[in-house]
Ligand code: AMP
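For reference, the chain that follows is the form predicted on its own, supplied as structure tokens.
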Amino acid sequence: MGKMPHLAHELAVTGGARFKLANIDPAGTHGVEKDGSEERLEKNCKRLSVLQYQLYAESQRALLVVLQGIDAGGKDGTISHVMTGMNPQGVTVTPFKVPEGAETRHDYLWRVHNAVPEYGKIGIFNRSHYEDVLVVRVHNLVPQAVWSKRYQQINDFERMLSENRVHVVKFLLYIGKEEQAKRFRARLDDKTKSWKFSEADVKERGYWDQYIEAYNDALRKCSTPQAPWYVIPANKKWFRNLAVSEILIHTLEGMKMKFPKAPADLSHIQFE
């Protein structure tokens, strides 16, 4: 497979207002070859398991992983393939769908903050607070005067989390329009997956360009040092999984976690 490039650097959103998804090939692999990728992913999953254990043992900070993507982008698949080696006791997965009940009677970040992982744990958001500058914007659910203020509110929220020892890393799983159609057709042809498809998916596909424009703004305005965005070319599932695992390892190792010391001198303890 050869030496892995520094995907955490190559896939990070940089350039501010100059950034465009149109400049990214959703089928790209950044020079990484498929040969040997399964073995590499297996090794990465084992490393993530060790790092998760360190995070849990230290219990001084948390990791929040945000997964976003257009329908069929592979959010569920990424969770099942990359997080497979983690201890489920230390991981929470929260899907964010249309607000309902008490969620509609609070500000849009209320339900999000409520799902932030506690210290020592990893939280995964399957969709997230970014829906409130994506679908809300595309479908005009609130006036532009409202959603346009949310970029700064989100940045402030994520900075607050970071300053309180919740590390935030965000992934956009980016597929092309033809790849989405291919995956939709595969769902329809597979009786075990056809339940995941609805006519609403076809309707949403008609807003493709508007979603890309909304994503561009969210990525430009909300990729910050304390909560970076990474765009993962996701047409090739094997590369998607490998890239996300590499960046998670990079993020967790960068936290420089340490095992806590024993609460007291235990050298006198003996067992008969």
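Since the structure is predicted, the reported quantities are computational estimates derived from the model, not experimental observations. When you see a residue number, it is the position in the sequence shown, counting from 1.
Beyond the structure shown, there is the form predicted in complex with the ligand, which is absent from this document and is the topic of what follows.
Chemist: Just to confirm the contact call: exactly one of 86-94, 136-144, 114-122, 162-170 touches the ligand in the predicted bound form at a 4.5 Å heavy atom cutoff, so which is it?
Modeler: So the stretch in question is 136-144.
Chemist: Hey, in the predicted bound form, does residue 98 get a heavy atom within 4.5 angstroms of the ligand?
Modeler: Heavy-atom contact with the ligand at 4.5 Å: present for residue 98.
Chemist: Using a 4.5 angstroms cut-off on non-hydrogen atoms, would residue 131 count as touching the ligand in the predicted bound form?
Modeler: Answer yes; at least one heavy atom of residue 131 falls within 4.5 Å of the ligand in the predicted bound form.
Chemist: Considering only heavy atoms, tell me if residue 183 and the ligand come within 4.5 Å of each other in the predicted bound form.
Modeler: No, residue 183 stays farther than 4.5 Å from the ligand in the predicted bound form.
Chemist: With a 4.5 Å heavy atom cut-off, would you call residue 127 a contact of the ligand in the predicted bound form?
Modeler: Residue 127 belongs to the contact set for the ligand.
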